[in-house]
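Next up is one chain by itself, shown in structure tokens, the form predicted alone.
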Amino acid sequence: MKTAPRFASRGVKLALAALAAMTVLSALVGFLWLPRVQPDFMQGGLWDAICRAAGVPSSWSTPSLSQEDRDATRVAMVPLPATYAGGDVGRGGTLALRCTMCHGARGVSASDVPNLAGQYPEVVHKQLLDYKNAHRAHALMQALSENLSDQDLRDLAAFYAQLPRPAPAPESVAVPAVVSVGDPLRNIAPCASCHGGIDRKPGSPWLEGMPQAYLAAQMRQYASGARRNDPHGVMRNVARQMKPQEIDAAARYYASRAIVGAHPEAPR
């Protein structure tokens, strides 16, 4: 008597049915549910998302960015000499007089706003342009930049880029794993791969000594989608995967390297 083939057994059929159900469920979650709850999940459209998930060359897809994301990438991110921004340093210094109350006379702040001394020129130019065009929200910064020309923005960027960047304090806090190695399994690149320490990508600011509250707030805005002026959603995709304690740890580490002399002690 012939026995039924193994593949026809009830257990195998159930396993195949479960596999098919999981495949359908994964497709529904990946291409229907996730795009609805996280609008940035499919940067470039459905076909581009499929190509990225499959790991095929980007040239096989033709990304179609939203108008908002096209606007957020208007500034060309190319390596430039440290003090060059296509601007006039002297004129930028005059324009910067209105910035001193928050960012300090020499670009080093004593409050919870970014230090700008020695910041890369393309970073300052892009952020100012985004404020001007309302692609980054901040009531005061938008009001200050709305009447500035592009040359004004370049002059300001050139001025801040040429200011000497004070040396950061020695490391007093252990480097968090999210800064040094990231988490490849969650698609989190190490912070140091873009913001210095391992490498630097054009358009990525240096962060040493930045205020902890400012850094944590910006990361949370990226994670929630409230801040959207990062080219191609790079920061949003990273921050969204980070745990709250990882955001706090990264902000604490960079803030711990407070600029020497940036916060002088009050007279006794």
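One rule holds for the numbers: they count along the sequence shown, beginning at 1. Predicted model, so just to flag it, every value in this text is computed and none were measured.
FYI, the form predicted in complex with heme C isn't displayed, but the following is about it.
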Looking at Cys99, Val175, Val89, Val108, which is the one with a non-hydrogen atom within 4.5 Å of heme C in the predicted bound form?
Cys99
Answer for Gln241 alone: is it within 4.5 Å of heme C in the predicted bound form, judged on heavy atom distances?
no
Although the partner isn't part of this model, could you tell me whether His138 comes within 4.5 Å of heme C in the predicted bound form, counting any heavy atom of the residue?
yes
Gln162 within 4.5 Å of heme C in the predicted bound form, heavy atoms
no
Report whether the minimum heavy atom distance between Cys191 and heme C in the predicted bound form is within 4.5 Å.
yes
Sequence order please: the residues of 212-243 with a heavy atom within 4.5 Å of heme C in the predicted bound form.
Tyr214, Leu215, Gln218, Met219, Tyr222, Arg227, Asn229, Asp230, Pro231, Val234, Met235, Val238, Met242
